[in-house]
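Taking the form predicted on its own, here's one chain by itself in structure tokens.
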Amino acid sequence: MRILQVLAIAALAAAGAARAGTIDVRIVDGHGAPVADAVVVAVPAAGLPPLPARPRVEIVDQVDKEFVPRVKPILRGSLVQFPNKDNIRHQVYSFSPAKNFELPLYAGTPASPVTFDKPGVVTLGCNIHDWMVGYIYVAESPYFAKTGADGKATIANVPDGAYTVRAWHPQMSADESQTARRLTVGGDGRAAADWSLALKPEIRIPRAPDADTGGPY
């Protein structure tokens, strides 16, 4: 009898895992063009699952005096390494309320990663190269994704249930909270959401004249 109970529990667990679904996302701008680098987060109505016992370790590179990727979504509590792959030094910093930090001028990889323990958007900069701008989106929920060049993304391994789903992009005009909507994952295990975001023009500081030819920094 005990063996049958164990098998039944295992079968239920497997069925639960099989019911994990997906949320398919598509984001366009006001002209109908696909929007890349938009982050979509699904927050379960039933409450957030516990954070992983071992924090995730993520990477934001510095390549050719740019942050790569430009937009990086991570889970709250994750650690982020900032390896410098250029042959010059960088000084990464952020004054954002979600994470205020500074990595003194360095080459290579800093000895310790940075912990991002508060949800929100963290804007990255470099004290040496003013045009370097990047974004870390710290999500409170593990169910998130980032759109590609086609404006599409899929949030995978989403358990059945009700969710509040919202979208964010660094150039969006509206507040992120205004994009929130409710949807339910169930039945065939798939749900979908589309957004049309009004985007502001991107204003970037021009690269320094010697940025592409090398220099002391």
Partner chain sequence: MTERSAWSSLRAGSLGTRILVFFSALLASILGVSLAVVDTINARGAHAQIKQELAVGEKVFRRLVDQRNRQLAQAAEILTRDYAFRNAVAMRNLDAGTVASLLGNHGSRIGASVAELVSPERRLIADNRGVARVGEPFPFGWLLDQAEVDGRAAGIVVQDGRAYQMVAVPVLAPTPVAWAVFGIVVDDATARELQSLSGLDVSLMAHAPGGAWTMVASTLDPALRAQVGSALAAPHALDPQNADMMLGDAQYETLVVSLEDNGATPVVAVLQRSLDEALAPFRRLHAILIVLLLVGLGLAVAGSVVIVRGVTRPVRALGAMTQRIEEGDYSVPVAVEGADELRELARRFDLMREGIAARQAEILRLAYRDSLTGLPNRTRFRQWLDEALAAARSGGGSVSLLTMNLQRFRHVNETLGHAVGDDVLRRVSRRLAEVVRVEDAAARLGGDEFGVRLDGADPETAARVAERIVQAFEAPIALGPQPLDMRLAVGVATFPQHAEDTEGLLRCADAAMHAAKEAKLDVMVYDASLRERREQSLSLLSELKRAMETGELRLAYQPKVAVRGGAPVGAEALIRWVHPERGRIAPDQFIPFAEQTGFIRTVTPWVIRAAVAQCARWRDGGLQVPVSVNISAQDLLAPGLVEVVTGALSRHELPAALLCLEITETGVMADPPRAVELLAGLHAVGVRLSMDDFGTGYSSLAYIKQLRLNELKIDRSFVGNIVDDSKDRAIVLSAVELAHNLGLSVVAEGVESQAVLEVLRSLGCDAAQGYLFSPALEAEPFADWLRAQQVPAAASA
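Residue numbers count along the first chain shown, from 1. Being a predicted model, the structure only gives us computed values, none of them experimental.
Quick note: we don't show the form predicted in complex with the partner chain, though the next part is all about it.
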**Report entry** the partner chain in the predicted bound form: contacted by all of Leu124, Asp130 and Ile205, heavy atom 4.5 Å
**Finding:** yes
Report task. May I ask you to check whether Thr115 falls inside a 4.5 Å heavy atom distance of the partner chain in the predicted bound form? Result -> no
Report task. Classify Phe82 as contacting or not contacting the partner chain in the predicted bound form by the rule of any non-hydrogen atom within 4.5 angstroms, answering yes or no. Result -> no
Query - Distance check, Tyr137 to the partner chain in the predicted bound form, heavy atom within 4.5 Å - result: no
Query - Phe95, heavy atom within 4.5 angstroms of the partner chain in the predicted bound form - result: yes
Query raised in the report: Counting only heavy atoms and a 4.5 Å cutoff, which of 73-81, 106-114, 87-95, 137-145 contacts the partner chain in the predicted bound form?
Result: 87-95
Query raised in the report: What residues of 94-114, in sequence order, lie within 4.5 Å of the partner chain in the predicted bound form by heavy atom?
Result: Phe95, Asn100, Glu102
